[in-house]
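Before any questions on how it binds or moves, here is one chain, the form predicted on its own, in structure tokens.
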Amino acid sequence: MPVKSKHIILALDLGTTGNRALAFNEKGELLVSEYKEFTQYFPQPGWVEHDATEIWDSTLAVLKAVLRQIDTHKIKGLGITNQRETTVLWDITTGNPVHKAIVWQCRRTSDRCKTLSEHAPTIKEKTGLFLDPYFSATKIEWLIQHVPDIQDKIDKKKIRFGTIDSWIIWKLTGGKTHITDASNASRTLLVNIHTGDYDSSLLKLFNIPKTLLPKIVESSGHVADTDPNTTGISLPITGIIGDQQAALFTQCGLKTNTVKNTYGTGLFIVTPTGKFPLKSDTLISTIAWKLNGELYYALEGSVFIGGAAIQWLRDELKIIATAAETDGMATQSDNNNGVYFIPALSGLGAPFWAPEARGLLLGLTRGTSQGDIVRATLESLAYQTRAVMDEMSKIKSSPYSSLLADGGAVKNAFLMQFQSDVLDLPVHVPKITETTAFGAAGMAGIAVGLWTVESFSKLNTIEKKYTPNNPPSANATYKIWRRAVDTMIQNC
């Protein structure tokens, strides 16, 4: 029986491996969802690229597929959430990218970051971020230096930069609107998070003209309309927010005593910190969102390889055919048989920040099975989460009572139970699984008066709880894994 709806909020979830369009009603119920993967490119070790045109084509395809299945007269707004630091430069005269998009995972600018190391403390103070290839600034600079004939076009103000939100909004509006929101802008290394605006000294440091940059707008508000010649209907764009901030908004809202982890391509452990950024030597301080003229902040541990390690087992090692198989394979033995995996397939992010690190499988014997390797891979996700949360606990004044988990890997019962054991905390999985998309829908719906922040937060309920079963054993194996990571980093 179709779900009845008075109002509809659309969401575009522009991920690292694929794009999804969704429609929710006023009760937060999912009406329709369409998804399409796009190609990952690895031109050199440590380099990761996307075809921005393919991203646009897949976005438009899934959006139109959803529009065909709903009553478009009931649409109140469109929210957009996206992979954040991925960098696109495009020519506004042709409407085409000048190069493949450089993905947030890409490490090609590691050497450039080293040459700027003396500026790292100032960058951390201003932006809340580490001087790392993860963020957009050195990616923009690399493109400016390596794309033929681009400087002349920049001088003529024909080139624009955007993270994926900006690129897709520019395309959706027929090239009329070049914007980003505060959450995405704060991931560029170009924004002073204390003011929420671009910093002229950082632009000069990275040799980036301000003419390339999108206007920074609020995360919730009617900021643009789609071009009906492109989308078939004029849709109000009323929400923009980076993917991890979107999941945070769904899971935690404004509650500063909560913490969530999104188990996606990477792992993103984030906690709200209210209207003031917290300082950390190992974690990121970032803008969570901008609402009603006020900036809200979060503390984040960004782990580069999460679900991507499962994809690696599937696509490169051919150990599994689907991610779902890993749950059963991990439980073939009642322990890890001494096998550990450090998933530094794109360096190590938080809390280690070792861009030169490379992945390691440890403890292999003649009897090591595929199941042991699968289990070690899943356990590495839980260990990385523990490493980040240990750092958060040093900064936050009150202890966490649970971890709120979302993302594709929450379907893996072994991983969720092991995560609970490693943390010695309950792990709660929400009923709404599309938390990033729902967060974008929340921002869009709040902008048009469909929800308040408080009423939206009540729509997110817990479906499953995991409680600690064997914390001493998990703690012991974590210590072994952590010693291995520390040794590897010392030898990088």
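Keep in mind that this is a model prediction, so the values were computed, not measured. Note that residue numbering begins at 1 and tracks the sequence as displayed.
The same protein also exists as the form predicted together with a small molecule; that form is not shown, yet it is the one meant from here on.
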Residue-level contact is defined here as any heavy atom of the residue lying within 4.5 Å of the small molecule in the predicted complex; does S166 satisfy this criterion?
no
Please check if L254 has a heavy atom lying within 4.5 Å of any heavy atom of the small molecule in the predicted complex.
no
In the predicted complex, A324 touching the small molecule (heavy atom, 4.5 Å)
yes
Though only this chain appears here, would T265 touch the small molecule in the predicted complex if you measure heavy atom gaps against 4.5 Å?
yes
Using a 4.5 Å cut on heavy atoms, which of G307, G359, P214, G371 is close to the small molecule in the predicted complex?
G307
The one residue among L378, L78, V303, A101 placing a heavy atom within 4.5 Å of the small molecule in the predicted complex is L378
Just one of 109-117, 214-222, 407-415, 246-254 has heavy atoms within 4.5 Å of the small molecule in the predicted complex; which?
407-415
